[in-house]
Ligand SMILES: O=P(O)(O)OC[C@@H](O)[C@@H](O)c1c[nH]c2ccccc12
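We begin with a single chain expressed as structure tokens, specifically the form predicted alone.
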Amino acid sequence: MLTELLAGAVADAEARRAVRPSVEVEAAALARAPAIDALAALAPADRVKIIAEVKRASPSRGQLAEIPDPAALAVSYEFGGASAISVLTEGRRFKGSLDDLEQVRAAVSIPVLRKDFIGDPYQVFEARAAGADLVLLIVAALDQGTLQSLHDLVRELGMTALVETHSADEVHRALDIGASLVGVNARNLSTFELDQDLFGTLADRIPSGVVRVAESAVKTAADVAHYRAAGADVVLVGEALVTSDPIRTLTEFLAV
């Protein structure tokens, strides 16, 4: 599944490149105001922090929410206390777009993450051109050389990479490229199985000074508390927010 998702995302980027050449996207990226300091926004604190996700659908659950106005949802997330907004921009299986990202960026003052299957530098420039402050890089999807070069490009453009892992080896690979924001996804993107205890088994491998993000398998405040007890500085939440009253749910999650 991960291979299919990455191939589809890169193919869609190639189609966009045919319409909007690299030189144009790179110029737009460089013309943007500087990215917001996501590491400062997500730095460890006395309370857990939340990255709240704009997510219409997923391969594992299908349609989750229509979200006709992603900007309005993002505003409610910011009002509810989220520290950053994640916007799924993959169109085939998650029903997102770069337009969603641009709308969200224009509506909120906190960092915005482009969550997609990134495998080409063009996609990184697209992210900055659309106003992203963070870009997701999935270790399992990339060889080490590509992971390093994309991570370096993200930094050169003033953004922060959320480097996603799912095993001890992948955590090691993330640290080897100098990642300062490391996520552990409870969902195996090859099988889509969930393991909520995975974060706890890997957290100690992520040194102090690197922000630890727990991803997936969050439905209740108890799930957030579980991750917090295991050492999460930040928890990324999507489905639980788009299928409920987001402000009330965020209030409950941030109270753990």
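In this text, residue numbers run from 1 along the sequence as written. From a predicted model like this one, the values you see are computed outputs, not experimental measurements.
Omitted here: the form predicted in complex with this ligand. The next part is about that form.
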* Does residue 239 reach this ligand in the predicted bound form, with heavy atoms at most 4.5 Å apart? -> yes
* To do: Using a 4.5 Å heavy atom cut-off, state whether residue 94 contacts this ligand in the predicted bound form.
  => yes
* Does any heavy atom of residue 117 come within 4.5 Å of a heavy atom of this ligand in the predicted bound form? -> yes
* residue 185, heavy atom within 4.5 angstroms of this ligand in the predicted bound form -> yes
* Structure fact -> As a check of understanding, the residue in 139, 129, 136, 181 with any heavy atom within 4.5 Å of this ligand in the predicted bound form should be identified as 136
* Structure fact -> With the partner omitted here, the residue among 210, 189, 65, 202 that in the predicted bound form has a heavy atom within 4.5 Å of this ligand is 189
* Asked: Which among 52-60, 202-210, 65-73, 32-40 is in contact with this ligand in the predicted bound form, heavy atoms within 4.5 angstroms?
  -> 52-60
* To do: Pull the contact list for 72-90: residues with a heavy atom within 4.5 Å of this ligand in the predicted bound form, in sequence order.
  => 88
